[in-house]
Ligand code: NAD
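Below you'll find only one chain, the form predicted alone, shown as structure tokens.
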């Protein structure tokens, strides 16, 4: 099984290296048979090849079993043809339409909760991915901006189906988040699509909630929720909120999954202000890779990969449980590389 490793920008190479140390140890100890191919994207690729995502690498992406993608600094990319948004390209061109973002408090938390946000990735208010040509964020006059959103039944139904399938492996509860009281057509279509899919899953309880109320409920009682399904923009905002409530955005794993391919990518950004300082927390990247292993295990009927994902998460939890083995953003003394060493040792210790 072949995984393509693309470290990305900013802190990407550091957190990816730490996470790959853990994955390599896991691969050896569990005899997973994973092979890794490394390449460059983003600013490193732009400097060497004139493009953040060069054509020959694009051609190899669909041939992989999985992708490990570091954070990308799209703000720094040029506006010309060489500045391709790598994350958006994977989501739209490879149809990685489902963003799975768990938010789980660490063991011993005073207010424990364990939920997953399932976010649609290919349309919505994201202007770079909802038009056949051009951009949907328009400047009608120098003082008038117009942003267009696309919502389709096909995309809404398939993200809902992924959410219900996930709920069947958990507590069998799905909450659809929307603003259909205002966006009666767009969010109304999304909500109708979710309800139609729910008919195929009578074992799962479905409720729905307005996005503003959802933000309040996440703060007040996050333990109320199991699987949350929503559109692109709402999911982006709510998943960051849920991750912070669970401990830190630096602890939040994320995958972008399609029907045939999945990419692990840390939920946070590239943090160029601390790049190269050995200060970044690699936990999000480690957890994202564990989610990728779990996805591969389910898709390829490989229980060894699923077991390996559990072992990876357990080792991460072990490192995070001790204040002396946390990174600086969590009040601990460790840098990026040392935290990777700590998780690896916990993994090898079983």
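Residue numbers count along the first chain shown, from 1. Worth saying up front: this structure is predicted, and the values here are computed from it rather than measured.
The form predicted in complex with the named molecule is left out here; the points below concern that form.
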{"property": "Any non-hydrogen atom of residue 71 within 4.5 angstroms of the named molecule in the predicted complex", "result": "yes"}
{"property": "4.5 Å heavy atom contact, residue 274 and the named molecule in the predicted complex", "result": "yes"}
{"property": "Residue contact check: residue 129 to the named molecule in the predicted complex, 4.5 Å heavy atom", "result": "no"}
{"property": "4.5 angstroms heavy atom contact with the named molecule in the predicted complex for residue 269", "result": "yes"}
{"property": "Whether 31, 294 and 307 all lie within 4.5 angstroms of the named molecule in the predicted complex by heavy atom", "result": "no"}
{"property": "The single option of 152, 87, 205, 105 touching the named molecule in the predicted complex, heavy atom within 4.5 Å", "result": "87"}
{"property": "Contact assignment for the named molecule in the predicted complex, among 75, 216, 81, 138, heavy atom within 4.5 Å", "result": "75"}
{"property": "Segment assignment from 275 to 283, 205 to 213, 220 to 228, 160 to 168: heavy atom within 4.5 Å of the named molecule in the predicted complex", "result": "275 to 283"}
{"property": "Residues of 222 to 257 having any heavy atom within 4.5 Å of the named molecule in the predicted complex, listed in sequence order", "result": "249, 250"}
